[in-house]
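Consider the single chain below, provided in C-alpha cells and representing the form predicted alone.
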C-alpha cells in the first residue's frame, strides 16, 4: 500500500487528506488519483485528459517538484524523500510535514487554486498571448510548400514540443514573486517564432520590443529550474538567453 498526502482546498478552507492506495505494478500517479476519486473520495478534484503526457492537463506539485501526474511512476516516487530540500528543482517555500512512506501531492505553484489540485490557468494563457505566439507570414509566400531547411527544423522542434502544461511556470522563482513576469513558457514561445525564418519582420520586431523588459527576458534569474522540470525537454532559459542576444545585437546595429 502507498499513502497519498493530498492538499485539499474548497474556497478559503485548506487542509490535507491522507489516502491509502494499493500500489499495483506499473501504476502512475494519475491512476492512483483516479482510485482515490472513484473508490475513496469522489469530491477530489484534479485535471486530466490524454493520460499520455501530451495534453499537459495533469501538472501538479509532486513531492515538492512540478511534474505531470500521468508521467510519474508511483514506484519511483516511493523512493524519494519528501522532507529533505536537497533537490535543485524542489519547491520548498512552505514546509509540510510528511514521512518517507507518503507521497505529497499539491497544486501547481504560482497560479491561484480553484479547488484541490485544479489551478486557474487563465493568467498563464494571458501571459502567453501577450508575446504574440503566432506566425505572420512574409509577403512573398511561395505558391506551394513554405519549406525550411532541416537544420532550422531541428532548432525549432525543441520549442514546438511545448505542451503548455505550465510546469515550468510553477517552478519559476521569478513567477513566484512577480505575477507580471511573462514566464518561461511564453518567452520560449517568443524565441520559437523569432527564430522561424518564415516570420514577418514587422511582427518579429514588435515581439522583441514586448519581451525587452523586466517582465520579459531581463527578469529571468537564469537558474534553469524550468529546464530541469520540463517533461518535453524544452529549454526555456536557453531561448531567453538567445532573445537577449538578439536584442543586444539589434541594438548595436542601430547605434
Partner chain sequence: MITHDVIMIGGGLSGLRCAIELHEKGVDVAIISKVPPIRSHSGAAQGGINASLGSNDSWESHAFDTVKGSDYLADQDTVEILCKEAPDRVLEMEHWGTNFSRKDDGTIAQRPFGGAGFPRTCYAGDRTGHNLLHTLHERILRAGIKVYREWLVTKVVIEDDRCLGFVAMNMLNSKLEVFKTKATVLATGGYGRIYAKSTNAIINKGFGISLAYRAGVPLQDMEFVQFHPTTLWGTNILITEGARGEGGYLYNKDHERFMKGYAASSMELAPRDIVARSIQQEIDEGRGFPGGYVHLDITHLGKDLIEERLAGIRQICIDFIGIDPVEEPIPVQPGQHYSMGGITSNKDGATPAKGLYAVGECACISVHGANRLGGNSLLDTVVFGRRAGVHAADYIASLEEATDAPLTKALDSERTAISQMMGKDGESYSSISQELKQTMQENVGVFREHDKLEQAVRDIKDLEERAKSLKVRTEAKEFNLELLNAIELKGMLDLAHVIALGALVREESRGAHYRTDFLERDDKNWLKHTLAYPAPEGPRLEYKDVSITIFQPQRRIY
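The structure presented is a predicted model; accordingly, all values stated were derived computationally and were not measured. Residue numbers count along the first chain shown, from 1.
The same protein also exists as the form predicted together with its partner chain; that form is not shown, yet it is the one meant from here on.
- By the criterion of a heavy atom within 4.5 Å, residue 222 is excluded from the residues contacting its partner chain in the predicted complex.
- Although the partner is absent from this view, residue 192 contacts its partner chain in the predicted complex, with a non-hydrogen atom inside 4.5 angstroms.
- Among residues of the shown chain, residue 48 is one whose heavy atoms approach its partner chain to within 4.5 Å in the predicted complex.
- Among heavy atoms of residue 218, none comes within 4.5 Å of its partner chain in the predicted complex.
- Screening 38, 214, 209, 201 for any heavy atom within 4.5 Å of its partner chain in the predicted complex leaves a single hit, 38.
- Contacts of stretch 41-64 with its partner chain in the predicted complex, defined by any heavy atom lying within 4.5 Å, are made by 42, 43, 44, 45, 46, 47, 48, 49, 50, 51, 52, 53, 54, 55, 56, 57, listed in sequence order.
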